[in-house]
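Next up is one chain by itself, shown in structure tokens, the form predicted alone.
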Amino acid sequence: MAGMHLDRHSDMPLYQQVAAQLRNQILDGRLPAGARLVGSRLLAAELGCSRAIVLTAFDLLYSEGYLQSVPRGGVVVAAVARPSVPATPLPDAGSADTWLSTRWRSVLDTRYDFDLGSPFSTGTPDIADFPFDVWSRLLRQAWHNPTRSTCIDMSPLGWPPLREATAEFLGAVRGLLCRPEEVAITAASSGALDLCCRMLLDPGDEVWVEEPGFIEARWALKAAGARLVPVPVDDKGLCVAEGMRRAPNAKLVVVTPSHQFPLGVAMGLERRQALLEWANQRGSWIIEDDYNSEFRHRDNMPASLKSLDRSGRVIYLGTFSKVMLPSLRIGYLVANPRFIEAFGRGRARIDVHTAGTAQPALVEFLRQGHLLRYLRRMRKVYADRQRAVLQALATLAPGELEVPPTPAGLHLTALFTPRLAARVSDRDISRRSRATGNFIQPLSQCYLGEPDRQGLLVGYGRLRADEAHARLSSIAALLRA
């Protein structure tokens, strides 16, 4: 038949190529209703393929209603509806994204430079010492003879034994006393944040966000149509009084009180109490992202905001992905039982539940103490790396950078002194750092408005202590250039 050919280098099976070309000829009118097709043997000979390929293509088109058989074995084109107007082509990669919703475009238009492969990546843990032998053994054991609940009946709130084990883990690691019915298992903390935003917010609702703050939280909030209100952060954390001045009736606050991203400061007790009192009076909600608090470098760590909550206004988010494996994508939220119940009912209608494959193994990983032992070991490793970074910065850039105390996490924020900020911008340093193979993020891109400080985010999760000085030498050279 005219115009038909087969591409034997294509990933598309040959019978599907035959069917697609015949379907297109039928839809564009080259093969009108009632037209008789050539026999399968003749078509196979023309195309240089086996008759079985053509017959399989015919069977597919029969099932779709494009062909029908007639007496004496003939095959004719069925009467099918054809498009009345030409199809509108999909936009190409270089065209404007006008076909996207305004909210989705606002997410994509937010520029944020990062490189997870950089030694200075801020949120990437070191997996070299992860006990993969233990983890793989627990996965095999969990799926050797799985229960029905793990295969079919997974709850939208997570597997009940994992909710129990998570509650126990939070009590041991963060001193957060909660019951299993107050815990929901989520697709990491970002998945929890996305669902909470859709659950709590209507388009146009005001939300306090930290300034500077965590870009991923802003993406989720923008996707929900929220109006973001930047609230300054100083050395005592979120400036609650300023938030009340700027948006006294905000529906939601998203905050990292124990280890603020990106500055690393902790919110003081007085401000925590003021925030809780305001939320209780206004009927507002607080999402507490307990960012990287598991990796604390000192024995004492501020209690979570949730542990001070007496009115049920705080939703506590955490993740196992950052402390174990980023690809694990299992997190949790802790909230009052009424919130959890509504969360579960809504989630069952959206994405059903968190993937269940790893949940049974994670239960045993927690209960057998493997995660606690791994955390204790990695806290020492990361504390050593932080000290190495601090020493290198003090040696390589004396008087140029100020580093606030950071008691936890996987990064430090090196603030530019006024003298350095007058000479060079952090975005320029970040841009030029790519060429050195040591990309480093600029602090200024963490601001929603005009930044009032500049600096660099020095991640050390993947940075070995013995290479800190050499890696940072290339950044110091950029500062001096």
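Given the structure is predicted, the values throughout are model-derived calculations rather than measurements. Just count from 1 along the sequence shown to find any residue number.
Not pictured, yet referred to below: the form predicted together with a small molecule.
J.: Based on heavy atom distances of 4.5 Å or less, which listed stretch (130-138, 354-362, 177-185, 319-327) is in contact with the small molecule in the predicted bound form?
T.: That would be 319-327.
J.: Just to confirm, with a 4.5 Å cut-off on non-hydrogen atoms, which of 339, 285, 219, 214 contacts the small molecule in the predicted bound form?
T.: After the contact test, the surviving option is 214.
J.: Please tell me which of 123, 156, 161, 225 lies within 4.5 Å of the small molecule in the predicted bound form, judged by heavy atoms.
T.: Only one listed residue qualifies here, and that residue is 123.
J.: Hey, in the predicted bound form, does residue 166 get a heavy atom within 4.5 angstroms of the small molecule?
T.: Residue-level check for residue 166: no, no contact with the small molecule.
J.: Residue-level contact is defined here as any heavy atom of the residue lying within 4.5 Å of the small molecule in the predicted bound form; does residue 261 satisfy this criterion?
T.: Yes, residue 261 sits close enough to the small molecule in the predicted bound form that at least one of its heavy atoms falls within 4.5 Å.
J.: Even though the small molecule is not shown here, does residue 189 get within 4.5 Å of it in the predicted bound form, heavy atoms only?
T.: Yes, residue 189 sits close enough to the small molecule in the predicted bound form that at least one of its heavy atoms falls within 4.5 Å.
J.: Can you tell me whether residue 289 touches the small molecule? I mean in the predicted bound form, with a 4.5 angstroms heavy atom cut-off.
T.: Although the small molecule is absent here, residue 289 would touch it in the predicted bound form, with heavy atoms inside 4.5 Å.
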